[in-house]
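What follows is a single chain, given as structure tokens, in the form predicted on its own.
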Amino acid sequence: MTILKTNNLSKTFGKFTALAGVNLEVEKGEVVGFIGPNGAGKSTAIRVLLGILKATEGDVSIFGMDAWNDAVEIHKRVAYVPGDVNLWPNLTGGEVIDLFVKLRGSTNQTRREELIKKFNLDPTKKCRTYSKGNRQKVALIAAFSSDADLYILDEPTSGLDPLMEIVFQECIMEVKSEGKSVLLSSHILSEVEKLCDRVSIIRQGKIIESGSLNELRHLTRTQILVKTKQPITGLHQLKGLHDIEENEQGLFFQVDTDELDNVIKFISPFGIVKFESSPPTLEELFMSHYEGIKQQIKEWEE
């Protein structure tokens, strides 16, 4: 069941195009990572999803309703956490959490108390005294205390220490297990890799790749460490091999995924003693796109 869907979403500001034909989907019970560099269009897209900005072109549907025309109804079932939370300075953290939770019609005090303890927040302090990390905690506790069906999170762990990031990740897995959906925009690629079922990469207002991590692994190379009984000869002549290095641990190299089978067949006769392969990380996938951009720019300049 599709919870969120954009179809050819575009947004312009005068002559500037912030989003150009963005297609994005989030299914029920799915965590989707939405990644890209600063200025790529992530926050603009999220503001359109929330009904804060009106799309210039295209359709935006959440729970089968129009994101702009039905924003009030949609917000009853959506929890949103921005990357830089601003709170009422004279209210306490606990009062702000209660306000947000009541706005969604939720009254789960047990869940509220459990999250306050998990995130190690003092809810009696005025919001003006909170650090950035504590303001994020208030927003996250309010979001996860609510009975939402869709969580839209835009750099939600900004300002949190590593221990609190682990708590956040636990909360994501809990809501996922309950069949809730999450759209997670994050610069912490290891976090996205750990939590997300699928990833959409946005660049210059366009989705350039979308799919599961396994589907996206074709975009880069696999790291190989191999040690053999006899020295390997002729390896440099094989197709798809890169960055070959040798040290006391063995022979290191990268191989294009579609050439992996041929490489293994070639080295087997030398007597494999040790063989380790590491699939590409999300960070490597992400950076491979931007290496491509750098190369294009270089070619243009030349």
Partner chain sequence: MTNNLSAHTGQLSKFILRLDRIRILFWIIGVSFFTLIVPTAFIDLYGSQQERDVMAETMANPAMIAMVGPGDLANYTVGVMTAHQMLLMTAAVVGLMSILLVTRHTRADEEDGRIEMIRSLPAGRLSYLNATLLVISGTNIALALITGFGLYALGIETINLEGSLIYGATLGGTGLFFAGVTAVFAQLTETSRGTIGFSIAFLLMAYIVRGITDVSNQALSWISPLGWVSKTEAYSTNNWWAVLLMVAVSGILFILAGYLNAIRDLGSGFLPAKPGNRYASRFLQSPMGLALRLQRTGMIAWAIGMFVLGVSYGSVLGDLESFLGSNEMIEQMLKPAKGVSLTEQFIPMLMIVITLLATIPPIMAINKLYGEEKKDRIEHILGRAVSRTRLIAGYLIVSVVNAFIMISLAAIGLWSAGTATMEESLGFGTLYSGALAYYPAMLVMISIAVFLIGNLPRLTSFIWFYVFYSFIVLYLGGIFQFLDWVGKLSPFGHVPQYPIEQIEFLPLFILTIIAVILTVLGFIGYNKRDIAGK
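Positions refer to the first chain, counted from 1. Only a predicted model underlies this, so the values are computations on that prediction, with no experimental measurement involved.
From this point on, the text means the form predicted in complex with the partner chain, which you will not see here.
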query: All of R111, H187 and L213 within 4.5 Å of the partner chain in the predicted complex, heavy atom check; finding: no
query: In the predicted complex, the residue from V226, V85, V182, I207 that sits within 4.5 Å of the partner chain by heavy atoms; finding: V85
query: Candidate from K274, K54, H236, K265 lying within 4.5 Å of the partner chain in the predicted complex - any heavy atom; finding: K54
query: One stretch from 198-206, 226-234, 119-127, 167-175 that, in the predicted complex, holds residues within 4.5 Å of the partner chain by heavy atom; finding: 119-127
query: Residue contact check: Y151 to the partner chain in the predicted complex, 4.5 Å heavy atom; finding: no
query: Contact label in the predicted complex: E193 to the partner chain, heavy atom within 4.5 Å; finding: no
query: Contact flag, L91 vs the partner chain in the predicted complex, heavy atom cut 4.5 Å; finding: yes
query: E95 within 4.5 Å of the partner chain in the predicted complex, heavy atoms; finding: yes
query: The partner chain in the predicted complex - contacting residues of 149-179, heavy atom within 4.5 Å; finding: none
